[in-house]
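The form predicted alone is given below as one chain in structure tokens.
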């Protein structure tokens, strides 16, 4: 059984169990109710063992007996049914698709996409699986390029087909088909995640995938969940080390940390983190080492964000704290593109090999 088949079977069983629970309550003459984990900030805890945020033990009730719950209860049941149909038919849809589909059902249609997104998150928390496993996802915006041969498991029209991810010089979008594909053969020895598309493109042109035997991933800013799922799989199934390259600012630092330790928004989902991944840079301390690197002054918003990160439980070890304090001391930041002041290939020829040696050593 492939990973895709196992996930499909698991989700269908959980959806069936949810539906049977509601049915049995109605069969026994009761107005049905559903309990789901509370996603309030007071119930989001940082798990030191897992090194990520998780939900605590608090639950909330969604009951058909409560007039204020009837609409959201019905919406939840409909989304559950809709998800089961997608899985059985081998189809998928975007978050936006689901919102517009609901407009055909005036009895419980969503007033806006935020409302439908919230119900999908409710279903995730009840089932304990990400929305991607029940075939609902946001728009794709992250890309991958490297010597990795995959075999598609979805959609049915492509199942069984194989492709090497070096085949598209612009990289391939990381969507459901790539995130759930089987890994057939890999000639790479590491993964480099890059915050920006322009540097991702530069790395392809400079042959980083050959020089360093690296799979390159453009995270397009904060890595989407399909990308984070794929990174975890590349680490767990292929044993590839994961390195993350971002701008030297609090936002780049957080992009790296979310890949490593996860986000509070996804506290109800496990399996999206890669605790062994390493932030390659740009570090605050790099701004001291590479003094010719052009920098910019930090804004008050940047400094406020650094003070918030300083208190965040994901940033409490000595490395993260040291980099935060250095940023606050310098009050300067730099973009990955700033290496271009020393030549277009400087980031590949000068910075990348030194940092890989430093971080992996």
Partner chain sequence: MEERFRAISAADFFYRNREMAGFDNPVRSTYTICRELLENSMDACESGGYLPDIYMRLRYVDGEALEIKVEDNGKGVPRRYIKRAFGQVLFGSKYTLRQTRGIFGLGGKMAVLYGQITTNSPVHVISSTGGMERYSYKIMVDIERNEPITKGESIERNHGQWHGTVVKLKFQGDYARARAKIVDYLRHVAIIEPYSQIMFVDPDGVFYFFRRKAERMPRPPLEVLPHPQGVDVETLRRLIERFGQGSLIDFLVESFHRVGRRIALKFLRKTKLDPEMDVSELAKKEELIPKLVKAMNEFDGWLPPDPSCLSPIGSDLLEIGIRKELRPEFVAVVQRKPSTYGGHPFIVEVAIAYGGGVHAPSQGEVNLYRYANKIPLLYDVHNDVSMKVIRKIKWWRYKISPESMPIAFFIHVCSTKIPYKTVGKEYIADRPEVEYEVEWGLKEAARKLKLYLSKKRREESLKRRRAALLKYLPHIARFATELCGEKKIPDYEKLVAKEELKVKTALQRLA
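Positions refer to the first chain, counted from 1. Fair warning: this is a prediction, and the values are worked out from it, not measured in the lab.
Beyond the structure shown, there is the form predicted together with its partner chain, which is absent from this document and is the topic of what follows.
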Residue 162, heavy atom within 4.5 angstroms of its partner chain in the predicted complex = no
Partner proximity in the predicted complex: residue 341 to its partner chain, non-hydrogen atom cutoff 4.5 Å = no
Taking the shortest heavy atom distance, is residue 67 within 4.5 Å of its partner chain in the predicted complex?
-> yes
Although its partner chain is absent from this view, report whether residue 78 comes within 4.5 Å of it in the predicted complex, heavy atoms only.
-> yes
Whether 143, 207 and 212 all lie within 4.5 angstroms of its partner chain in the predicted complex by heavy atom = no
With the partner removed from view, which of 80-88, 182-190, 237-245, 165-173 is the stretch that lies within 4.5 Å of its partner chain in the predicted complex, judged by heavy atom distances?
-> 80-88
Picking from 71, 270, 233, 158, the single residue whose non-hydrogen atoms come within 4.5 angstroms of its partner chain in the predicted complex is 71
Going through 15-29 from first to last, which residues have a non-hydrogen atom within 4.5 Å of its partner chain in the predicted complex?
-> 15, 16, 19, 20, 22, 23, 26, 27, 29
